[in-house]
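For reference, the chain that follows is the form predicted on its own, supplied as structure tokens.
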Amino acid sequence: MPGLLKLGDLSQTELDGLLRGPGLYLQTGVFRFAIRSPFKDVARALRLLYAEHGVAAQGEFADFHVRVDAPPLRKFLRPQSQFYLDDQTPFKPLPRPQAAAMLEWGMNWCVTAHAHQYLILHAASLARDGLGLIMPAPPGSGKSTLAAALCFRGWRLLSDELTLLDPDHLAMAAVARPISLKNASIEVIRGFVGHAVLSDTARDTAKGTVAHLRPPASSVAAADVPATPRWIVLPRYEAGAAARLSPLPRARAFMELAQNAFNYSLLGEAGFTALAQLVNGCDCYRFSYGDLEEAVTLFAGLEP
């Protein structure tokens, strides 16, 4: 957001002081988080992954006040980390080495559980020349890996996890936070993006080995610019498969999106109407791929 100091401009002392004290007011696209944590690895991850994100002054409005800290009585014996929203604990603690990853997962949860001014889809979202690409898919489909590749090859990252749609106008809002990579995809993207900036890995999580990728500075700088939906693509990674787009019937696309929506039922008629209008206004495809270079080349040829 214009006019905000960047996190990367803070000294280590300033960053530690905010995280241990009043909070780091971090702008992440359309949401602002006030973050506190005494953990050095959380501070290190924030500095590494959010260097280009804006930081607002203490006391300004924040959508979510969150904290990652040690739960009571578990500071020394098998240390754990706990995520707090407004001092409430929405889920169970995790092993202490997973604290930085837990912050990312907790921030996602804050949005999906509370930001019902949007229709929220479990889908990667990107944009090119103002037109939006929506990629809904279950875990393990290669969605985040493909989003990571595309955003370093001409596309603007909106989010690797959440597509946020204004239900009245269908504008796609941006978050542009770090991209979550799992298991083999970590080294795949490290090799594909020569200048990739990746966090330390969190091992033995429920998702396996996890690392987060810093988004391109250009995507962060444009995070206040919405996009107009144009393509819906259901990706699936298949080892050795040639990159291939197959037309997807709009009725099937509607069902896939509804199944991947966090709050479709909660929004009721407004959610149904928004989803129907979204599908009717987009080209819809299934996409299989086994090679990122082939995938990026094919996506570059999508017609506006």
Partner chain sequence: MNADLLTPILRAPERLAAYDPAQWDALLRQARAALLLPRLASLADQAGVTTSLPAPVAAHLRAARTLARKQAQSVRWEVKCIRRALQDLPVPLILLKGAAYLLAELRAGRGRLFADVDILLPKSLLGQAENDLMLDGWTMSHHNAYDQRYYRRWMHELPPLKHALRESVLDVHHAILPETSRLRFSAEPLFEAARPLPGWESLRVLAPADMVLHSAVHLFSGEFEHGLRDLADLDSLLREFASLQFWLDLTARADALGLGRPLYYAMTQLSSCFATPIPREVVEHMERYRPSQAVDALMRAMHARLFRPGSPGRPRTGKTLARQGAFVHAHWLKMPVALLLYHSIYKSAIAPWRRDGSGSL
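All figures in this text were calculated on a predicted structure; none of them were measured in a lab. Numbering follows the first chain given and starts at 1.
From this point on, the text means the form predicted in complex with the partner chain, which you will not see here.
Interface residue remark: residue 117 is counted as part of the site for the partner chain in the model of the complex, having a heavy atom within 4.5 Å. Proximity of residue 168 to the partner chain in the model of the complex: non-hydrogen atoms within 4.5 Å are present. The partner chain in the model of the complex comes within 4.5 Å of a heavy atom belonging to residue 65. Among heavy atoms of residue 265, some come within 4.5 Å of the partner chain in the model of the complex. Out of the listed residues 47, 244, 36, 236, 36 is the one that sits within 4.5 Å of the partner chain in the model of the complex by at least one heavy atom. The contact residue chosen from 224, 86, 187, 200 relative to the partner chain in the model of the complex is 86, the criterion being a non-hydrogen atom within 4.5 angstroms. Comment: 52 to 60 is the region of 236 to 244, 249 to 257, 275 to 283, 52 to 60 lying near the partner chain in the model of the complex, near meaning a non-hydrogen atom within 4.5 Å. Contact residues in stretch 212 to 242 (any heavy atom within 4.5 Å of the partner chain, taken in the model of the complex) are absent; none meets the cut-off.
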